[in-house]
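Below sits a lone chain in structure tokens, taken as the form predicted on its own.
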């Protein structure tokens, strides 16, 4: 049977084309002037189906992991992209067809691959202790060579120390101590309420774990760290086993469930875990978090309802207005006996995928960034057929002044997630560059934009012009060049 994507509805939308290529471009075309002090690699990953999915009700998040690297070298940039050689990728390319079923539903997989990992490594990347990890929250990391993008280990368990079956796509590094922390939900298998927290020291050794239970099995896509605590949000994107038994995907939005904010001591055994209850809310990404004495703050892209239109709604129709995320500060005071958490909307902008100066992860901070939708400057819908909100602006938020500045990409383009790069490791907070992809819908290709992070309204200082159109990615990570040179 020949490869044909045209009959699956996932690939009928404006942003859902399949790329399916591995490319090397030496010395990319650059419009403008690349900063001479920019030396390092910007990695990003996209879900990119190597074969058409076998189920029409699948979701874009089920694509195979496809990693891009932009290697900056003092005024030049090289591009490389590779598929992650997961167990899934290798089995399917050998069979020359799709063998895996709907999103995170192993019962719909071909029986011949159910003993293999179903991980796609398609959500995020992080570099720690000299290792580049490609991540998907339903499986252990995949280890990649940070210079060649060769897959080195398709099921990395930190020397057998990782006991959880899962590993979140959003580890956090405390750059003050060199430690990396992560949350592993559904840690004992599909639908389990077991969650494992792990800590990996600066040498790459897993040296801490704590096991807890959550009120219900649901998406714990991201979490927060502070100097002393771990915090996380349990949202009503709940595992639906009945839906899976009928061949459906893993999650469904259940608006009857409350949202829970959990807090436990970092480095402890989990016995001090406290839960704080809140109304129906969704927040999938944390900008940053910190503590002030016994009060913990976590800034998130919080909405009133489901943010993912392709996951089923159990009790009502999907509502774009209720899906609108705004930067919201969730806080609790552990010295109080309150059973609920506080919420404060910090800015009016609608957006998702907030980022920060990662050197400040887990510590008091003042600067953050987020792709947002400027409703006064809509994308030309005739170009894309789009009917929902489109990210067309990158915005910098200054918590000291409570002001924001923005870059608008124009009405024939849209933006993907942005990444902050410090000008140097000792540069002041927020002093550096903002990078990320722009989708050029007229030219049907992608550009990498580089902006001065302190002057977003001045527009790009350089544009890396790609002759190809990459799929919408999920997350990215930047690694300084001196770390890539070390063995």
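Positions refer to the first chain, counted from 1. Note that this is a predicted model, so its numbers are computed, not measured.
Another form, the form predicted together with a small molecule, is not on view; read the next lines as being about it.
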{"item": "Segment that reaches the small molecule in the predicted bound form - one of 342-350, 392-400, 365-373, 119-127, heavy atoms within 4.5 Å", "value": "119-127"}
{"item": "Contact at 82, 89 and 142 by the small molecule in the predicted bound form, all three, heavy atom at most 4.5 Å", "value": "no"}
{"item": "Interface residue in the predicted bound form among 71, 326, 266, 285, criterion: non-hydrogen atom within 4.5 angstroms of the small molecule", "value": "285"}
{"item": "Of 407, 181, 167, 103, the one that lies within 4.5 Å of the small molecule in the predicted bound form (heavy atoms)", "value": "103"}
{"item": "Contact flag, residue 172 vs the small molecule in the predicted bound form, heavy atom cut 4.5 Å", "value": "no"}
{"item": "Partner contact for residue 231 in the predicted bound form: the small molecule, 4.5 angstroms, heavy atom", "value": "no"}
{"item": "Residue 355 within 4.5 Å of the small molecule in the predicted bound form, heavy atoms", "value": "no"}
{"item": "Exercise: residue 51 in contact with the small molecule in the predicted bound form, heavy atom 4.5 Å", "value": "no"}
